[in-house]
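Only one chain is included here, represented as structure tokens and corresponding to the form predicted alone.
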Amino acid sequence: MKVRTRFAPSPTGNVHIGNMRAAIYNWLFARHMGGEFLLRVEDTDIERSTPEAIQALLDAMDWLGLDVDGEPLYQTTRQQAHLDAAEALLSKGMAYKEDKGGMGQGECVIFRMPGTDSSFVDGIKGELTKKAENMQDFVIVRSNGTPVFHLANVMDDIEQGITHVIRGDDHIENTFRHIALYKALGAEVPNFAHLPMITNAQGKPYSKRDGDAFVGDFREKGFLPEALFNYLTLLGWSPGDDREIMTREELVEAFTLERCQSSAAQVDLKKLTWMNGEYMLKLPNEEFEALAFQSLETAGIDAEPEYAEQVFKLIRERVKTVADIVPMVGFFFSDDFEYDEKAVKKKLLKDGVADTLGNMKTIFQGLDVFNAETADKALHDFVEESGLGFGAVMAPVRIAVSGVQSGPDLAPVLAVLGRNRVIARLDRALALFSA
């Protein structure tokens, strides 16, 4: 039997990371088993499943590298097949018609449950059973003549030859209904595996209220697709060892449903940010620089390439997401940068700081050569001679030339800025903050 999995979203414009995690698990399982991963777009909600919403879904999948085998199946093209199946069930007495609401609005087609207990072995949760008395008949075609999710979902899985249905555990109740439908339609019942929900720190379903929740959010915030893919895979699954940073090939090789956890998985955005930083470090220099230049361009910063490359080297190991780049380097490209108010109050407005900045200006002006080594020696010599301590010298100089209190090592920053910019910025700080 060739494994066939599917991702069957109802596109609304934003793709939740919980839905995308389900897609990733289906993709990984299919690739691990040498099978096929299919896409079905459940686009029957015409008002919400707009062309733009569908394109957003396809873009998110493409960004994450979830390649699909064959063409996507659009559910709206299958409506007649769904209705024909309902008629077949009616003719066999396995369904009946009824004015469900009793309001005279028309008859629904209702599937007749077989009246027996139902069991199946879930690939993650083990054997699950439901008593016959707890399973009621249910609508499969509305009074307006449109098929309900249950019938459409099962019929399309049959059409696509799906062997494994891997989806969220909010569908467990549906699965008992769907198994009955498969049997009534004379089709082979696929294997089912239900993924635990992803939650916030309070154990509630993770949503936009808890932070970034859609794939597009993470893309806009500068996360790398491989990092998000890696993180979402580990959100409810483990390779069985202490590995966390794993290539796509390693994930495919290691992925099994047996290693999926059955309890809810909690989103930890700090861990995702750390993981993204690890992926940023692994990027080849040319790829990092391409992202950095694109960030500058998006921010409207016109940078001379040779100068910008020197700047990028200073921040290379500090960047966690692409979105960090412009805030980290902005002061290199503008002399009119803003100062951090807290840093100014804490470090620049203290007695004696103006003298310190003035002395360092004079020392820097007097250096025969101005580079990282000479600037660093000058700073250290002044600290020793003045007896002020490193914090009392380094912090004011850094704030004066960059506006902030933290960043890469100060001497290389001064060297990249160059003597003229450093002197001009010391003058600016003295004019603004000296008494």
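Rigid core: the largest C-alpha set superposing within 1.5 Å between the two forms. Bear in mind the structure is a predicted one, so any value in this text is a computation, not a measurement. When you see a residue number, it is the position in the sequence shown, counting from 1.
Although not depicted, the form predicted together with the RNA is the subject of the following passage.
With the partner omitted from this view, the residue of Tyr279, Tyr182, Phe149, Phe293 that lies near the RNA in the predicted complex is Phe149 [heavy atom within 4.5 Å]. A heavy atom within 4.5 Å of the RNA in the predicted complex is found for exactly one of Arg219, Lys100, Arg112, Lys313: Lys100. The candidate spot formed by Leu128, Arg318 and Pro408 is fully in contact with the RNA in the predicted complex: every one of the three has a heavy atom within 4.5 Å. In the predicted complex, Asn14 stays away from the RNA, with no heavy atom inside 4.5 Å. In the predicted complex, the RNA lies within 4.5 Å of some heavy atom of Asn134. Shown alone here, Arg142 lies within 4.5 Å of the RNA in the predicted complex, counting heavy atoms only. Shown alone here, Gly236 lies within 4.5 Å of the RNA in the predicted complex, counting heavy atoms only. The candidate stretches are 296-304, 89-97, 199-207, 360-368, and the one lying within 4.5 Å of the RNA in the predicted complex by heavy atoms is 199-207. Shown without its partner, the chain has Glu42 as the single residue in segment 32-52 with a non-hydrogen atom within 4.5 angstroms of the RNA in the predicted complex. Shown in the overlay between this form and the one not shown, fitted on the rigid core, is a CA shift at Ala201 of 2 Å or greater.
Ala392 shows a C-alpha shift of 2 Å or greater between this form and the one not shown [criterion: core-superposed Cα displacement of 2 Å].
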